[in-house]
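This document starts with one chain, in the form predicted alone, laid out as structure tokens.
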Amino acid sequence: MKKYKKTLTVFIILVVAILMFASFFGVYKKNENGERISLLPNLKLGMEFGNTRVITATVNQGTTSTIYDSEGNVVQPEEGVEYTEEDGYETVEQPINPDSAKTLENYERAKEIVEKRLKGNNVSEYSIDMNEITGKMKIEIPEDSRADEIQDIIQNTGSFILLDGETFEVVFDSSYLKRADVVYSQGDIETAVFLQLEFNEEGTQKLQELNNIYVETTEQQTNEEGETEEVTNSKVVWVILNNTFLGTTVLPNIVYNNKIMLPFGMSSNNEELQKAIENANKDAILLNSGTYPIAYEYTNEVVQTNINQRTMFIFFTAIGLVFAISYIYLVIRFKAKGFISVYFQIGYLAVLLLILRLTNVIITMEGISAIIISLILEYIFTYIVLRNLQQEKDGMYKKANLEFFLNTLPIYVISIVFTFATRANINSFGMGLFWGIIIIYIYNFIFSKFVFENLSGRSK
């Protein structure tokens, strides 16, 4: 029995060593090209540790010019032609955003749309500051490989429009939209990906009317030789989705069961299908987020982080010295048990960092604070256990857990509340602390509990 305990103790120590190596140095393998790739995801660092893109959205104060002829009809201006009052034309200047549109309700609606687009495209870290008087928004996102794409998504109109193929008049738009979904059609060989647009009752009725207008028609005509032949005429619409011209078509080609089905791809190749699904999802998110109630002008700049390597080195060195002194105290007071406890506390940090990697928690400065607090809590838990051992108390883990739980209960509540926060820095703190507390119990129960009991010769 004694040999078994020694063997298991050595095994536990080795497992913790492997976890520490994997967490601190990583686990890699070589791909087909001989390059080393990591098997573990990297820690996701917050915006403050890298450059930030600041997108400024300002309410457009410009005007548009509309030209009317003497009969009051709108004139499509031609290049090089002057439309003067002497010739019977009237030019009317109208604001792009009338004063009636510049309301707090519309500003808040625009902010809500931006948030939906960011969340829908998995941008987990961002900030939006809005001036309630002017409607100006400052949107901060990480300056990374997706920054240009995310900026385009923010600036997109998020609209679906059908234009008459002859007059270019808007005959249908996304104001009738109820919901956009990505759907699939499985064939014998290939799978087709569609963006399905469902409309409200009014939109459905209007679409039914248009579906009978924008069609192909066939009529009998007599040619120059006096022969009768069938001639096909098509009254088409231009399809514009989220600022992209998709082409012209007759409506029966894209309308099924009073819903518009826009094809995004057809293939038997899984990679091609995933790409089509991704593109369709992006457009669906744009449409479902809504159309901006006011027009904005956009500018952007890249802001460099104030946190540099020297600052972080000084910070972590100071924290490291504090913990080093605390660990030395454990070794001096509890001797061998104190030394092995330091080993397990370093192992605890390794396991916590592994969990944060695997759960994709964003590590902000607040998140680092949560990690430090978790280390302090682990230190307190270990100290309680070692103190119980020193006082020769039986049932040390049961008593240590109860004492630790009662003294740190408010911290548990804070961590759970902060976990559900929408702001990345608060969420990072909550998630870091939540996992830190959970791992204190699980990690110590699996690893250190047996070793400490074996050292003391006492039961749990």
Partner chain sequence: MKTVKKILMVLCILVIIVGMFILGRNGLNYQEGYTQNILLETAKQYTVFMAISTVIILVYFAIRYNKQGVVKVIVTSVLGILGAMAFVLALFAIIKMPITRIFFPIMLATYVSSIIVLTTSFEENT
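Positions refer to the first chain, counted from 1. Here, rigid core means the biggest group of C-alpha atoms that superpose within 1.5 Å across both forms. Please read these numbers as outputs of a predicted model, since none were measured by experiment.
Another form, the form predicted in complex with the partner chain, is not on view; read the next lines as being about it.
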property	result
Options 205-213, 291-299, 360-368, 256-264; stretch whose heavy atom lies within 4.5 Å of the partner chain in the predicted bound form	360-368
Touches the partner chain in the predicted bound form: Gly62 (any heavy atom, 4.5 Å)	no
Proximity of Lys399 to the partner chain in the predicted bound form, heavy atoms at 4.5 Å	no
Contact test in the predicted bound form: Met130 vs the partner chain, heavy atoms, 4.5 Å	yes
Contact test in the predicted bound form: Phe420 vs the partner chain, heavy atoms, 4.5 Å	yes
Option touching the partner chain, based on a heavy atom within 4.5 Å in the predicted bound form, out of Ile67, Leu43, Ile426, Leu40	Ile426
The partner chain: the contacting residue among Glu190, Asp173, Glu198, Glu140 in the predicted bound form [heavy atom, 4.5 Å]	Glu140
In the predicted bound form, residues of 42-70 near the partner chain [heavy atom within 4.5 Å]	Met47, Glu48
Is_shifted Gly46 between this form and the one not shown (CA, 2 Å cut-off, rigid core)	no
Exceeds or equals 2 Å, Cα of Ile55 between this form and the one not shown, core fit	no
Thr64 C-alpha shift between this form and the one not shown of 2 Å or more, rigid core reference	no
